[in-house]
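A lone chain, given as structure tokens: the form predicted alone.
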């Protein structure tokens, strides 16, 4: 997907200026005015927060901006910092400024729907990025196959528990935010793997709780309560690396880290280090650059008033029943054996992962 062109444009831009504003209210435009890009409309992007995952503050804005710059299409990227009122304020500003395409990662479906409806009334094309806004009516949806993400998590935990040779292990589930449809899809995937194990007695279903707003601090409190009420927890299905790390911190305090397999998602530096240390069983790598590039390609076509050709799949909105034209990418399970794949892909650097405390573990894992 024109990776060489994207990379050259990103390097050139980073050498001459900073990336578009994310996490403040100022915003920033980018893009040239030459060639057919002069006719391209501006694209507005609203990201959700910087607390639930590092990706929203670093990875997505970087990759998205590079992709739009390479296409010569102006883009404004802002982050709502978990504030629903701020989310709506940013959207109002983008709509009134005349963006031709609005791409959002909703904080919840209610807020997201209100924003998408305003955009549609203004004749603006809309894209749900990474998570679907239920009954939102977005024109397009770009994400990973999120049921497949959950399935990989469930399969990973099963494998790790089998390697421990535990008998009828108690499994705790730390689910994502109940307001995020992706969390529902992840749970659909991993429960599809775990429920048969509970039913046949291979595993024992333990405490199961959602974590509001993917808040890691709340996840730690919730898991500590889980462990206090059930000392026999032998496995933790944590829906992402942040929740997983919160559980690991509690396990460390109780000298149980490494004995209780914990899952994750997002292939964060912290998650990968936890895997190398033996404290986390696995994570799920979603190549965010591919997702950002796919979303940008779709938005660029819309900004140039062209019909997109890449949204060849559909996703059924479970509330409205609508089939939303979609681009869905495949996730990858990551264990200690293939942590090196995430580094080789350029998603994280060896220097970031293989600090002094993890140097030997990196060498043992074939990271050179």
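Everything quoted here is computed from the prediction, not taken from an experiment. Residue numbers count along the first chain shown, from 1.
One more form of this protein, predicted in complex with ligand BGC, exists but is not displayed; see below.
(message) Against ligand BGC in the model of the complex, would residue 182 count as a contact residue? Criterion: heavy atoms within 4.5 Å.
(response) Close contact exists here: in the model of the complex, residue 182 approaches ligand BGC to within 4.5 Å, heavy atoms only.
(message) Considering non-hydrogen atoms and a 4.5 Å limit, does ligand BGC approach residue 186 in the model of the complex?
(response) Yes - in the model of the complex, heavy atoms of residue 186 and ligand BGC come within 4.5 Å of each other.
(message) How about residue 55 - does it come within 4.5 Å of ligand BGC in the model of the complex, if we only consider non-hydrogen atoms?
(response) Yes, residue 55 lies within 4.5 Å of ligand BGC in the model of the complex.
(request) Could you confirm whether residue 214 comes within 4.5 Å of ligand BGC in the model of the complex, counting heavy atoms only? (result) Looking in the model of the complex, residue contacts with ligand BGC include residue 214, since a heavy atom lies within 4.5 Å.
(message) Just to confirm the contact call: exactly one of 292-300, 69-77, 154-162, 123-131 touches ligand BGC in the model of the complex at a 4.5 Å heavy atom cutoff, so which is it?
(response) The contacting stretch is 123-131.
(message) Please tell me which of 286, 100, 197, 113 lies within 4.5 Å of ligand BGC in the model of the complex, judged by heavy atoms.
(response) Filtering the options by heavy-atom distance leaves 286.
(request) Counting only non-hydrogen atoms and a 4.5 Å cut-off, give the residues of 239-253 close to ligand BGC in the model of the complex. (result) Heavy-atom contacts to ligand BGC in the model of the complex: only 240.
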